[in-house]
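The form predicted on its own is given below as one chain in structure tokens.
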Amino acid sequence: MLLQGNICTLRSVESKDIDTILLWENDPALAPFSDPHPPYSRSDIEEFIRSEEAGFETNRQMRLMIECEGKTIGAIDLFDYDGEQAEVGILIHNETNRRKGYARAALRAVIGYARDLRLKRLKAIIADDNLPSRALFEGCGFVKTDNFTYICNMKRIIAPSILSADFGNLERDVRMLDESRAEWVHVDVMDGVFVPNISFGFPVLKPVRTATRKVVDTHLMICDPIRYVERFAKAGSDYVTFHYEATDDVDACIDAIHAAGAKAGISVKPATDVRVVEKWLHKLDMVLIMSVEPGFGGQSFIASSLDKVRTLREMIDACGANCLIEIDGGIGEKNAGEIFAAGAEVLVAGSSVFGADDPKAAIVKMLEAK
């Protein structure tokens, strides 16, 4: 297997590399750039190569050799693959090659490969005193989540909110999104009671549905949402999200959305502890964390929302639920990478998209943010 990076190529390990691997694994000079472990014997390496030929999914590990200008100058390991995530480790032979940026190019190629494998995230274990590795992984979008663990989230979806679009040219703006790399179109429905603003309803949702092939993501900021969830689903919403704070019967809302053929989401305001939704994670398709007070666009991101994302990520992973994490409010190119890395998969962006000189380019910058 070959992966082409910007300045280097990655190749699956072959038997002719045994001596080289032994050199790297046992070279004390590489210790600061590799996780500590006992030296591998020749038989260990030969057995690894034989098992590796069975494939990544069965062996749960893969070694990719980093090549540049005809020379093998390092390696990347993907291991502990479980269908959702893999741990990644990298070592580059000698300081000169590290300074040339080969490690960064190789790691970015592996990140692209991991997305092709539909992994949800990559993980790296890095000691605090390993400053070169920390700089490398952080520069490629990994964010520290605990003492030694760095995470790079793979699944990235931008859902531009048409609340910030030009209402006089709404069809034009929605069709623009249809041609962009945004996968979803976010529709904010506000009743002037649950939140102090009024937006739009069924008459607007239907032409939006007609104008786009993308996923229509409807966020209901309304009182007593059970009255309307079915109608919004049948009007063309792929996802219908209601607020935890707006209903006394969460189960009934989820069931009504599913019965109408849409996917169900629940949202929590900034002051609500995200743990309140834990009992419904297996029934939900998505949880939306509000990172601003709902009701108005253009607000600043509430920094503590990142902790809520991390908590929710842990809850979902612990129970094995198939539930997306969406976040809405104050999101743009500068904080998108950090939010994705914390565990969010869907970022709602309004003014940072429609207020940009080039909305399509703004979407790409958020998707590729480090």
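Predicted, not measured: the structure shown is a model, and the values here were computed from it. Numbering starts at 1 and follows the sequence shown.
Not on display, but discussed next: the form predicted together with D-xylitol-5-phosphate (DX5).
Remark: of stretches 248-256, 155-163, 171-179, 136-144, the one touching D-xylitol-5-phosphate (DX5) in the predicted complex is 155-163 (heavy atom within 4.5 Å). A residue is said to contact a partner when one of its heavy atoms sits within 4.5 Å of a partner heavy atom; G343 fails this definition for D-xylitol-5-phosphate (DX5) in the predicted complex, lying far away. Contact between P359 and D-xylitol-5-phosphate (DX5) in the predicted complex is not found at the 4.5 Å heavy atom cutoff. At the 4.5 Å threshold, heavy atoms of Q299 reach D-xylitol-5-phosphate (DX5) in the predicted complex. Heavy atoms of G337 never reach within 4.5 Å of D-xylitol-5-phosphate (DX5) in the predicted complex, leaving it off the interface.
This chain is displayed alone, yet in the predicted complex one of G201, G236, G295, P132 has a heavy atom within 4.5 Å of D-xylitol-5-phosphate (DX5); that residue is G295.
Interface residues of 341-370, taken as those with a heavy atom within 4.5 Å of D-xylitol-5-phosphate (DX5) in the predicted complex (partner not displayed): V348, A349, G350, S351, in sequence order.
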